[in-house]
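Presented as structure tokens, the chain that follows is alone, the form predicted on its own.
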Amino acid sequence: MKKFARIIGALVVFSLVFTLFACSKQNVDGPTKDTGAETKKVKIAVIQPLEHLSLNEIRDTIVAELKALGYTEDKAEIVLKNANGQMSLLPSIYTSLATENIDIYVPIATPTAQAAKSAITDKPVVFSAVSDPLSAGLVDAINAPGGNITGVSDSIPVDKTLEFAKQLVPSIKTIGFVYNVGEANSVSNIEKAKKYCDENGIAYKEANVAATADLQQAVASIINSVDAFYTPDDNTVASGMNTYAQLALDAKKPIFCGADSMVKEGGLATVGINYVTLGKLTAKMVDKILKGAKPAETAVEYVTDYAKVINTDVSKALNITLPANAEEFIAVTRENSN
């Protein structure tokens, strides 16, 4: 009987040792298929203020590049949010997202990033398409942001676009600035445009808009007293670009823009950045932060590959002769997205 008890005891000990070994093995190799256990998906929120070609291109590129970097559906959930032009909705969007256990926030454009800074303090934020993150109050310094926010800037070469404008239309004496004074990125770029005009003997007039619905009246208020228009990468104006472009075309006045998408929708030309490149850089920074880099120590990045873009439909309609060095610019035709 004692011998039988010893055998039973040995079997129990063996069973316990085997079970502990199996558990240890599972912890090393991960859960087996039949356990039903799942690895927690990372949650990435991408937020944009409204719909237009540039913002949509940036958003789509970020999503595509994140997937290419390994954030596929089985490993990540990418949540897309859009304020649809109602900036007052941005705080509530972030409040709602905060209940969804988001791991990292990716706001596109300055107002969206500013709203993120106000609302999100406990998770990393990587902005995209912010022209002047310092003036917007998002970072303490470009090389050392200092908080939970960093990102990729779409700072545009305002002076190069205005130089290109003078090359295409040498007769320009007065330029009309159409922009939303409530967008920090636009204000910053318009200040650069004014400086260029002051230094080069070009007069200018301003027409401010608070919403896309104001665009027609704003353009009409100065259209007869300017030779051309300039609008930076202004989200409010870009969302109504086709209306703006048609008013200018009817009056035979060219529009020079801060974004290639605005040229595609009826502007004449820009010296701008590649928004696909911007989106890819943003996704790579998101990946870097998710892998342990600290936003406070991750320098803001800039897109530097500028390109000259001309709308050939518009140049024909305005009887503007294209430069002889055609290989130096990208030709596009007019698209209608409004």
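Given the structure is predicted, the values throughout are model-derived calculations rather than measurements. So that there is no doubt, residue numbering starts at 1 and follows the sequence shown.
Just so it is clear, the following notes concern the form predicted in complex with tryptophan (TRP), a form of the same protein that is not shown.
With the partner omitted from this view, the residue of S261, T161, N180, T150 that lies near tryptophan (TRP) in the model of the complex is S261 [heavy atom within 4.5 Å]. In summary, among the residues A283, L55, I44, V309, the only one with a non-hydrogen atom within 4.5 Å of tryptophan (TRP) in the model of the complex is L55. Contact with tryptophan (TRP), judged by heavy atoms within 4.5 Å in the model of the complex, is confined among 167-175, 214-222, 108-116, 248-256 to 108-116.
Put simply, A238 is close to tryptophan (TRP) in the model of the complex: some heavy atom of it is within 4.5 Å. Heavy atoms of L268 never reach within 4.5 Å of tryptophan (TRP) in the model of the complex, leaving it off the interface.
Within this chain, V130 lines the site of tryptophan (TRP) in the model of the complex, having a heavy atom no more than 4.5 Å away. Contact residues in stretch 198-235 (any heavy atom within 4.5 Å of tryptophan (TRP), taken in the model of the complex) are D233, D234, N235.
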